[in-house]
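Listed next as structure tokens is one chain, alone, in the form predicted on its own.
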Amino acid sequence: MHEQPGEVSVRQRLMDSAVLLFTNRGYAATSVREIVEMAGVTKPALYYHFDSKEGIYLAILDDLVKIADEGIAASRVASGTARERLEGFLLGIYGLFETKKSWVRMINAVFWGPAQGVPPFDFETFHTKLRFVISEIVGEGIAAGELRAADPDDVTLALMGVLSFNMDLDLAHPELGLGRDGFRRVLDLLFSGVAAPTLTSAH
């Protein structure tokens, strides 16, 4: 069916309401009635757009994957040094996280919380794509001599760890979150190294 004017906003209200309820109450405990009441629409509106509670849950995740794919493509810069490309990519992904923070919070609540009978979904999709891009740039940087000759998997893991922890900190303890500027500082520190230069004895 073709959506009529105004129906896109209805769909978005339904999804935003479902995200909030799934996060706070859990998927199993959330009813279709609660979703439509929070969205200010009727049950037929939800069934028109999503067919069921399962349908709206999967639509949320599918939309997030599409947004992530677009964000990965937009953040992937082909020019510049390996460090510049990696910093630009990671900051771009963090910016994407900031725009969809409530959706990421829902995923964490469902994924790490107690079993709720949610429909199966490949949560590794985004992680796999992210790791591939970072690993590719790291490998190119090492080959070009722009990054130290370390194990590419170790470098990739370190970069992903900084990104993941910064997002988790923002979700769990927003008062301690680094924000974009803080994340950039930590990345600069990681690339520069934390160990002081070794002093060689003069002869």
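In case it trips you up, residue 1 is the first one in the sequence shown, and so on. Note that the structure is a prediction, hence the values are computed from the model and not measured.
Missing here is the form predicted together with a further copy of the same chain; even so, the following discussion is about that form.
- Judged against a further copy of the same chain in the predicted bound form with a 4.5 angstroms heavy atom cut-off, the residues Val155, Leu178 and Gly193 are in contact without exception.
- Contact check for Lys100: every heavy atom lies farther than 4.5 Å from a further copy of the same chain in the predicted bound form.
- By the criterion of a heavy atom within 4.5 Å, Tyr48 is excluded from the residues contacting a further copy of the same chain in the predicted bound form.
- Residue contact with a further copy of the same chain in the predicted bound form: Ala109 places a heavy atom within 4.5 Å of it.
- Residue contact check for Pro119: none of its heavy atoms lie within 4.5 Å of a further copy of the same chain in the predicted bound form.
- Stretch-level contact check against a further copy of the same chain in the predicted bound form with heavy atoms at 4.5 Å: of 33 to 41, 48 to 56, 142 to 150, 61 to 69, the positive one is 142 to 150.
- Residues from 168 to 192 that approach a further copy of the same chain in the predicted bound form with a non-hydrogen atom closer than or equal to 4.5 Å are Asp168, Leu169, Leu171, Ala172, His173, Leu176, Leu178, Arg185, Val186, Leu189, Leu190, Phe191, Ser192, in the order they occur in the chain.
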